[in-house]
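Presented as structure tokens, the chain that follows is alone, the form predicted on its own.
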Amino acid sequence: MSERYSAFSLARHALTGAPWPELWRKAEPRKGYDVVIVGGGGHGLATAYYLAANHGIRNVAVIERSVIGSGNVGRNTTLVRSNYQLDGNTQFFEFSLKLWEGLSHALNYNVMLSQRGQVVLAHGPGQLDALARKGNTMLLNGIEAELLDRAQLMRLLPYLDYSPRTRFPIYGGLLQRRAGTVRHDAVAWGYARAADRLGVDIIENCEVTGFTQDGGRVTGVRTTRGEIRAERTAISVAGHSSQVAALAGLRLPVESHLLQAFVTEPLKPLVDHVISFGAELFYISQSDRGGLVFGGHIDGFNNYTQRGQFPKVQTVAECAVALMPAISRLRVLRHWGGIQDMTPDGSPFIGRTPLDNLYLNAGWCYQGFKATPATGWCFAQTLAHGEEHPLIRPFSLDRFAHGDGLDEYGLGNWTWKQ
């Protein structure tokens, strides 16, 4: 074991307060690169890593307007899963989950994957039928899934409210045992370190202010730290994708909304799965520190803040207590907001744009964190070869012109209203 990770070094840093060595270089921008990636979140860092690791393209810059980990990659509820129903989503997110399962080994960095399983609850016969259809879709695609009845859930999740007078009766649920959580900060740090060690420049505190173009061909970016030329440029930002794309003259069908999440005071181990509440967009798990981590729906109006709004706090708290009355007296220690880029069908845009040499990865709605490794893998191949990876072809920017929307979220809403 190297000194950096030895027991001696841990004790020395703890007792003396000596600074830890930086995981990646504080790179200065050079005049030009083969690929410039705008956005130093999980997707941008993963794309840079796979460009270098899979395709040998190491003359790459990741440009981040703030610092690594300050955006949505550090502002989410860490859930990873592949329990989707629509063709295109099912295969893509299963590929992503498989990459998650080997990511710590690939990066030589513990991303703290916890495959504790996810249960999606059904609160009526119609919801249970819909979950059965989703489970069958998963099984047909080689993805494990288990449909549980009420009695099975009572044994698996005894702390939920199964009383006759409960507001939302529980009829059953769909279990994916391979689903779980990943430490979001570790994902950012692991990809950043691995990309840096392969020669990628990670340039922080560098905001893109425009794109340089020559006859409809993007030739680079203008930044607060100077102009940078690029053979290919990729937009991979979360929360502000429409604003960044507008700098290149593109108008995206994207709205930005706030999505809030919450953490309670710590308690002894209680919630040993991820639970999704079928009556509302609500999800809850327990962190390794003991706090309950939960969240709900986006705020119903467009905004770019990262601060919470009280009406949503109230709604999410009501869901938590309706599902688990025993936690009603827990104190919420903190909450935060991430800016979600919402598309008309709840699915992202990945691939080429109408401008030559400009590529787009945006509009991830609720799916961004769990898609990190698959997006990086597929987007890197797209940038390396100029053609979309087969797994991301359903997410093309022009899909609405062909009537090829992937409205997984709309399918879910229809289910819950039956």
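All values reported here derive from a predicted model rather than from experimental measurement. The first residue of the shown sequence is 1; numbering continues from there.
Absent from the display: the form predicted in complex with a small molecule. The rest refers to it.
The partner is absent here; in the model of the complex, the one residue of A234, L121, A238, L323 having a heavy atom within 4.5 Å of the small molecule is A238. Proximity to the small molecule in the model of the complex, taken as a non-hydrogen atom within 4.5 angstroms, holds for one residue of P348, G172, G71, G190, which is G71.
Contact annotation for E227: none of its heavy atoms lies within 4.5 Å of the small molecule in the model of the complex.
Contact annotation: R65 falls within 4.5 Å of the small molecule in the model of the complex, judged by heavy atom distances. Using a 4.5 Å cutoff between non-hydrogen atoms, N76 counts as a contact of the small molecule in the model of the complex. Contact annotation: F277 falls outside 4.5 Å of the small molecule in the model of the complex, judged by heavy atom distances. Of the candidate stretches 136-144, 254-262, 307-315, 156-164, only 254-262 has residues with heavy atoms within 4.5 Å of the small molecule in the model of the complex.
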